[in-house]
Ligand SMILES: Nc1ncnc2c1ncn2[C@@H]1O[C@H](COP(=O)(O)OP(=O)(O)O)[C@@H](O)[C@H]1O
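Here we start with a single chain on its own, the form predicted alone, put down as structure tokens.
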Amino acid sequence: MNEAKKSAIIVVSAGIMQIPALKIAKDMGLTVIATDRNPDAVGFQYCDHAVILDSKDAEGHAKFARENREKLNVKAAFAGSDCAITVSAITNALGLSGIPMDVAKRSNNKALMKERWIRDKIPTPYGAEVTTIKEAQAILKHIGFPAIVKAVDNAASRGSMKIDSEGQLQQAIENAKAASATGTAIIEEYIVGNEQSVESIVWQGCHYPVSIADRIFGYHPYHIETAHVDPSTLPSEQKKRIYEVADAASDSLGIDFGPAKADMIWTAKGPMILEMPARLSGGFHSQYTTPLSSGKNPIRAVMEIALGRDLDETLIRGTQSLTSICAGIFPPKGQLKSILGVEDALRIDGVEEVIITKYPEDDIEDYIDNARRFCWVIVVASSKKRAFEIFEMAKNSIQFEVV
């Protein structure tokens, strides 16, 4: 078959986390177009056409899609990273399956989400968008301490910081504003509880649950995910309630097609939603731990409907009941000189992947957001306890020399 006659999919972003999506698209027999601002993006080796475009350049992607629609037979777009707006620009430009631009923008803006959810009485921490310290102080009079300050439209906890006193406020606001394209910040109640990453797919008016993973955090006052456990160990009734809130939240935002990824927290009063981008999860959740633990393939399921096909429910039903974890290793700040023991770690039964994104002579910075993590170990086992035992063996095997 001539390649130009095959259906093509644009996968926006070609970093290391997108490699599974690129491979899945190839396995589906699609012509794979990957875009990334980095000309050396590792995912480019898994695609048919590499395009140097910033994942946030929505207009540039729409222009590329229009100009190459006939030549490459573009039939779908997929959000490889936090780029629902860009994917919406492509699908709207070509009249493909997707969500409207205003919905994509809401899903990428924590302040717009918050406004909708408060209006629609969706359980969510109270918060508001602010520009000045004076505005933030007014919100703090309402919510008190502790509070959390976040960037309005960024991911990976960039610009996020818990604050316990007004003395921390100015620095937190400055950090959040610097990390947000809006030049603003959001300040909200700090809610205590266990956090979850929740994935659903919306198709033809129905919500399809995919997975819930328990998230573990450290490095406070920053919000660094040190590990996640897939599937969640919560009781089934609690999972049901989490999905109910997630479904109501996606309806409130207007996400009526495709993936909806919720960051949730189980509190003393039940589930609350923190944010919801219109994409699948990052953090190697949809890419590795869900397929390894359950046999589900949410990436392919989303790509199928993006192509205008029916949702294949068998892709999200699951075929096995194991536990997969993605846990980070956090060497100290300094210059990385050497990495040893990775091959030994990979030989440990249950270690599926060791993913490292820094190299000797690279600098290790303070862990103030999730984007600064650089070593993940992905394990699959019969239980959470056993998975963490295997992780500890791998962690002890891998040695980082830092000066």
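Because the structure is a prediction, the values reported are computed rather than measured. The first residue of the shown sequence is 1; numbering continues from there.
What follows is about the form predicted together with the named molecule, which we do not show.
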| query | finding |
| --- | --- |
| All of T290, E352 and W376 within 4.5 Å of the named molecule in the predicted bound form, heavy atom check | no |
| One residue of W203, F330, F217, W266 in contact with the named molecule, assessed in the predicted bound form (non-hydrogen atom, 4.5 angstroms) | F217 |
| Candidate from I143, A155, L94, V103 lying within 4.5 Å of the named molecule in the predicted bound form - any heavy atom | A155 |
| Contact label in the predicted bound form: Y190 to the named molecule, heavy atom within 4.5 Å | yes |
| The named molecule contact at P125 in the predicted bound form, heavy atom, 4.5 Å | yes |
| 4.5 Å heavy atom contact, L274 and the named molecule in the predicted bound form | yes |
| 4.5 angstroms heavy atom contact with the named molecule in the predicted bound form for E195 | yes |
| Candidate stretches 318 to 326, 257 to 265, 174 to 182, 244 to 252, one within 4.5 Å of the named molecule in the predicted bound form by heavy atom | 257 to 265 |
| Partner contacts for 126 to 153, taking the named molecule in the predicted bound form and a 4.5 Å heavy atom cut-off | I148, K150 |
